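Before any questions on how it binds or moves, here is one chain, the form predicted on its own, in structure tokens.
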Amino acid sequence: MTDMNPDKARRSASLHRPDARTRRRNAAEKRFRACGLAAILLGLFFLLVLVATILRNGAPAFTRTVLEIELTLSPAQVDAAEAEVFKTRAYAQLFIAALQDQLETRGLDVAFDAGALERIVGQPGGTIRAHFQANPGQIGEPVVFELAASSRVDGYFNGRVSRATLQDSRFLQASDLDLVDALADAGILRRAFNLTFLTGADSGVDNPGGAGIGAALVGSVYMMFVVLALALPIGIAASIHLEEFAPKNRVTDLIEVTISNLAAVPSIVFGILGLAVFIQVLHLPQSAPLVGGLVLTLMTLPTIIISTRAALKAVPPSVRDAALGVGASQMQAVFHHVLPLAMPGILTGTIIGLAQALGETAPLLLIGMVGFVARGYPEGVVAGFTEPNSAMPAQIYTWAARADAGFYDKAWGGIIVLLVFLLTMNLIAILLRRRFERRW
């Protein structure tokens, strides 16, 4: 038997030169890291595409096309208009005369009639008459009116409507675009920030330009108050009992499995439950934030219970043992020591559950919050809970289902508002977590 050369054995087993097996292992690790990095970059790419798509499609909802004109009506003109049978038509004629004067002053000679003006800005006569009736002291003084243009004129300005694709209809005709261009060149027709979108309410199926998400946002806030007032105490109390006080037996095991299964139940099932129990049995008001909040509370409770129990389990057992060792009762150990340490996780789980409930649409379909169109704000705090209203996800769904393309911009804009609301809630969760976080 031939002895191996010692120098050759040392060279082959040198720590400075990895062997073939080590090189394969290192290569596999590099490939795994590269795959992980590629997955992260791919996820970031799709996230950026999604955000860019939402911002691009939703940005037009925050601006609108307005016709701005200064109008001065003398007392004689107002009296003459009020003496007419068709008063709004008389005010519209005064508006047309003032508009023609301003175009001629700017050196633009464009002929138009009342029909073309109505297709561009609706019926200005009613708006002007209502303003001077509410402000009689401004008669004889110059007043600047800012009238919202129609949805198709607004689409012409933001690129959704073009001369090539426009077909003559009762809403807008191709010849009206000459007047639109002239008004834009004169600075009378321009783009402005659409505050109505943030503060207004749904305007019906024929007026996408006047639609707003403000009333639906208020409805969502009322629903979140109901969810917070019910889900937070019930969820925390149930979690503390199951984790700290309940005996470990088959009953508690069955309860834990049931809670875990409820967290995976589709949200529309909770909507059917709310329709059957809260509306058909208890006869609570349909389409009300109160019913919506109750349904979302049932849907959110499993999430809050699971996250709260996880936060309680994360507290070291030594904290409980130390509290019991100095003479504290089990309740004192839980409420004075365990619960404060678990509070950051509890608050984070609660706000995540609320954010999940805020974006749900399916349960609201079953209780009628999509069929009801909110045309205004509630008259009081109690009415905000009991009167029919809408919610942001339901309002977005309603806009997306309408035929007029002008509502698509509103739907994308509503998504932006909803995402800002969700990001704000998550930011609050982070701040609360850092505020109540304790280290041991």
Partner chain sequence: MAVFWLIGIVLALAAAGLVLGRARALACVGGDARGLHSRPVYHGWTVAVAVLGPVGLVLTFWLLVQPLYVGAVVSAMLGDSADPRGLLLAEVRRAAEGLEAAVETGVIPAALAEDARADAAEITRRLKAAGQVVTSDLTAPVLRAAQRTLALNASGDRAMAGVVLAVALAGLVLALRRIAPAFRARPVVERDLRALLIAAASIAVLTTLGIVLSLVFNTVGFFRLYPAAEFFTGLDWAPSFSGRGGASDLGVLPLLWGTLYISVVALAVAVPIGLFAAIYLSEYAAPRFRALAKPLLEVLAGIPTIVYGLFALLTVGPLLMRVFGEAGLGWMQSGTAVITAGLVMGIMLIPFVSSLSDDIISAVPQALRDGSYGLGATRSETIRQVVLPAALPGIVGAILLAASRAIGETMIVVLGAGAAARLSLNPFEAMTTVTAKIVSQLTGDADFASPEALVAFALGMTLFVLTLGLNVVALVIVRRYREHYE
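Fair warning: this is a prediction, and the values are worked out from it, not measured in the lab. Take the two forms, find the largest set of C-alpha atoms that superpose within 1.5 Å, and that set is the rigid core. Numbering follows the first chain given and starts at 1.
FYI, the form predicted in complex with the partner chain isn't displayed, but the following is about it.
Choose one stretch from 69-77, 251-259, 206-214, 113-121: the one whose residues place a heavy atom within 4.5 angstroms of the partner chain in the predicted bound form.
It is 251-259 that comes within 4.5 Å of the partner.
Using heavy atoms only and a 4.5 Å cut-off, determine which of L103, V315, L147, L275 is in contact with the partner chain in the predicted bound form.
So the residue touching the partner chain in the predicted bound form, by this definition, is L275.
Decide yes or no: are F46, I268 and P393 jointly within 4.5 Å of the partner chain in the predicted bound form, with each residue judged by its heavy atoms?
Every residue of the spot touches the partner chain in the predicted bound form.
Since only the chain is shown here, I'm wondering whether Y397 would be in contact with the partner chain in the predicted bound form (any heavy atom pair within 4.5 Å).
Residue-level check for Y397: yes, a contact with the partner chain.
I'd like to know if A264 sits close to the partner chain in the predicted bound form, meaning any non-hydrogen atom pair within 4.5 angstroms.
Flag for A264 set to yes.
Against the partner chain in the predicted bound form, would A97 count as a contact residue? Criterion: heavy atoms within 4.5 Å.
Judged by the heavy-atom cut-off of 4.5 Å, A97 is well away from the partner chain in the predicted bound form.
Would L432 count as touching the partner chain in the predicted bound form under a 4.5 Å heavy atom rule?
No.
Can you tell me which bits of 33-71 touch the partner chain in the predicted bound form, meaning any heavy atom within 4.5 Å?
Heavy-atom contacts within 4.5 Å come from R33, C35, G36, L37, A39, I40, L42, G43, L44, F46, L47, V49, L50, T53, I54, N57.
Using the rigid core as the reference frame, would you say A130 shifts its C-alpha by 2 Å or more between this form and the one not shown?
Comparing forms between this form and the one not shown, the A130 CA shifts below 2 Å.
Verify the C-alpha shift of F335 between this form and the one not shown: is it 2 Å or more after superposing the core?
Comparing the forms between this form and the one not shown, which are aligned on their rigid core, F335 does shift its C-alpha by 2 Å or more.
For a quick test of reading the superposition: does N426 move by 2 Å or more at the CA between this form and the one not shown, rigid core aligned?
The answer is no; the displacement is under 2 Å.
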